[in-house]
Every structure is written in C-alpha cells, then in structure tokens.
Ligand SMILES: N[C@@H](CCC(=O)N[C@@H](CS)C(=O)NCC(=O)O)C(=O)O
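In the form predicted on its own, a lone chain appears below as structure tokens.
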Amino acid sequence: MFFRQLFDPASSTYTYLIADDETHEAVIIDPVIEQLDRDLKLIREHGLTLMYVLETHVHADHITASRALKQATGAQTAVSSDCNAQGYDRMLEGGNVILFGREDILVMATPGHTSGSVCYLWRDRVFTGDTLLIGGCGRTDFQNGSAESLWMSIVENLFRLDEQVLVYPGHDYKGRRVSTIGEEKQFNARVAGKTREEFIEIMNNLNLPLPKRLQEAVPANLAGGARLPDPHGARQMQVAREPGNSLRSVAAQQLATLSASGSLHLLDVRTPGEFASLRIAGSINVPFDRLDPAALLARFAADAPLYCMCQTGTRSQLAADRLRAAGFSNVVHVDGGTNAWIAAGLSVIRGERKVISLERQVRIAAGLLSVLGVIAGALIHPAGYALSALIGAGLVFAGVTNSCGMSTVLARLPWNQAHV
C-alpha cells in the first residue's frame, strides 16, 4: 500500500496521495498549487501514474492544483456535481466509485460545510475534507453551507462507519494528523454529546472572519484551479480555462458569498431602465451599449476584481470579454445574471418603474417584425417577405458573431434610459 499525507503550511491543508502497489496507478486528494513541484516530484520518484485528482469541495482558503496536475500528468479531475463548478472532467455523486489499479474509493455525499462537500472512503480510512475535522468541523456560513445538513452528514453518515475507521481531515491547525471515527464520536467538541439543536446553535454563532483568500480562491477553484506554472519560473497563478473558453464565471450564490468580503466591483451592464427597475445592492450601472473600457481603466486598477452581470448572462459575457481584451486581468461574469440571483432567493432593490428586460424586448421586436413581414408578403406584395428574411438573417448573424445590433438600437430608446 502506497499512502502519503502531505501538508501545506500556509493554508494548513492536508493533501493525500494514494497508489496501487502493483499497477502504480494513483489518485491525489485536495492538492495545493503552491505545492505542485513537491507533488510532481513525489509522483515521478515513485514511478506513479496519476489517474485522478479529487477535490472534497470548492476550497476558499487555497487554489487547487487540479488543472496544473492534469496538464502535467494527464489525470482526470473530479469534484461533486453539487459544487456547480465548470473546470473539471468528472462530476461526482454520492455512491460513485473511483477505480485505480486494483483499488477503489467510495464517494460519500456530505453536504454542510458547502453544498458540494464530499468525503472519500478508502480501505480503513476516510478523507473528510472540511466536513469533519479532528475535534471540530468546517464552518457553514458561506458557499451554500448548512449547519443542519452538516449535522446529518456527520452524525447520520460518517458516524455510522466503523469506529476504527481512520479520519484524515482536510485541515488541522494544531499539528494533529489523524483521528478515528470512534474518537470523534466521543471527543469532537462540536458534535460529541450535543443535540442537533445545540450543534446548529454553535455553528450559527461562530462569527468567524472570512477566509483571506476567498476572493481569489473560490472563482479560481470553480474554474478548475490554476494552470501549470510558466516553464521559465514565473509563478503567476492564472485561473484555468478551457481552450476557446477563456472567460471565468461564477454562480449567483457564489457571488453573494464573495460580495460579503466587500472587495469586488459588481458592474451591471443592463440598460439604465432595467437597472432602475431592479438592481442588486452595491452594483454599479455600466450599460453595455456605453461600455468604455478605457474609462474604466482610469477608474479601476487593471487587476481589480470586476464582476459583470446582466439579466441572463449574455451581455455580461460580451462585456467581460471586452474588458479582458482592454487589459483587465481579473474579470468574471455572473452565470444567469439577475434571473439566477432572484431564483436563488437573494435580495434585490426594486424601483417603482417596471421595464421589460432588453432580452425580452429583442425577442418581441424580432418576432413582431417577422410576423409583419409575412403579413405584408401575403396581403400586400411578395416583397414584404424580405422583412422576415432580413430579421432571420440578422438573428443568424447575431448568433455567429455573438453580437446583436437590434439590442444596441433598443437600448437607446427612451424607456431604457431611465436613471435610478
């Protein structure tokens, strides 16, 4: 049996490397980008073939080395499907089995610390990430965390394992390396001897500061982690991107968590009318049709965290692309826009005036003009059909070029120019 427990002092993160003795196929759990050279050296020295890079959740205190290890070794990366992450090869569900050599690892769904937290059961040991720590457990106050879910994951899931199963946590801040299920059932300060209600009360009143690296770590890890460092030694940690899809994105719930740190700028690129009708507290209206990257560069630093939002995510992607091309290095677009924000039950500021979204205005206008073209062609003159054909050609052009001239025109109409 090949097993190594590795440690990153800066984040107090444990990384685990496991390999099959016969085939030398291996998996690594929760790697840290700053320890990439160490991990690759260990893999090479022992002649291992890395098959999987496994994450216990989307980390907020360090950037994962998942993507960099994939680039260097060809391994597949994996994370829970409930993390809503995009930059991974395999989306895991509870009950899945990871096979490597003659070994297998069982995926245990254990939400609570985050909605997508999982644990990995291998032989006589379980790798618990932040779900169960030695003498404690992970916090539940961001990334869709839930104290009630965490109680169920620990008491109704992990604590049903054999008491001799070894507990290998994702972190420890006191130099402790391993515990057992039996010890945690008896001595864990957050859980042992506590009722469900007492546990929830404890977790809801921890009042911990947000992780220092949350602002950079969560978006990076949602996208798969950091790229392989520059071969000439430059250690810039760039967010991993799929070929042809260089744009970073974040879900509405993740944005809500990040906004709590107060260190990002939320640019709402909808029209002033849409913004006046409904907006998110703290957002800045920068209408897409007036977007001036040069002016924003004079207002914000090139590495300032800029988050672009619209109603559905279409205009925000275009805006983010333009800002990146202009030199901004830390631009993210919000998946699903204000629609996703509202669907997640997050609060908004509503104005007295109601304005139909620009996306709906475009659909209405295109549909109306197409119908008028058909009517004109059938009742007045065949040349009327040209209007419908023109609208169809415009829609095709908009899809191919990822632009929309009609939305630009509609954005300048009076009802879309109302200010807050």
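Please read all numbers here as calculations on a predicted model, not as lab measurements. One-based numbering along the sequence shown.
Omitted from view is the form predicted together with the named molecule, to which the following refers.
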How about residue 313 - does it come within 4.5 Å of the named molecule in the predicted bound form, if we only consider non-hydrogen atoms? no
Partner proximity in the predicted bound form: residue 61 to the named molecule, non-hydrogen atom cutoff 4.5 Å: yes
Does residue 211 make contact with the named molecule in the predicted bound form, using a 4.5 Å heavy atom cut-off? yes
Residue 227 near the named molecule in the predicted bound form, any heavy atom under 4.5 Å? no
One residue of 138, 273, 337, 111 in contact with the named molecule, assessed in the predicted bound form (non-hydrogen atom, 4.5 angstroms): 138
Looking at 324, 185, 125, 190 here, can you tell me which has any non-hydrogen atom within 4.5 angstroms of the named molecule in the predicted bound form? 190
Partner-facing stretch of 303-311, 125-133, 217-225, 160-168, counted where any non-hydrogen atom is within 4.5 angstroms of the named molecule in the predicted bound form: 125-133
Taking the named molecule as it sits in the predicted bound form, which residues of 85-107 have a non-hydrogen atom within 4.5 Å of it? Please list them. none
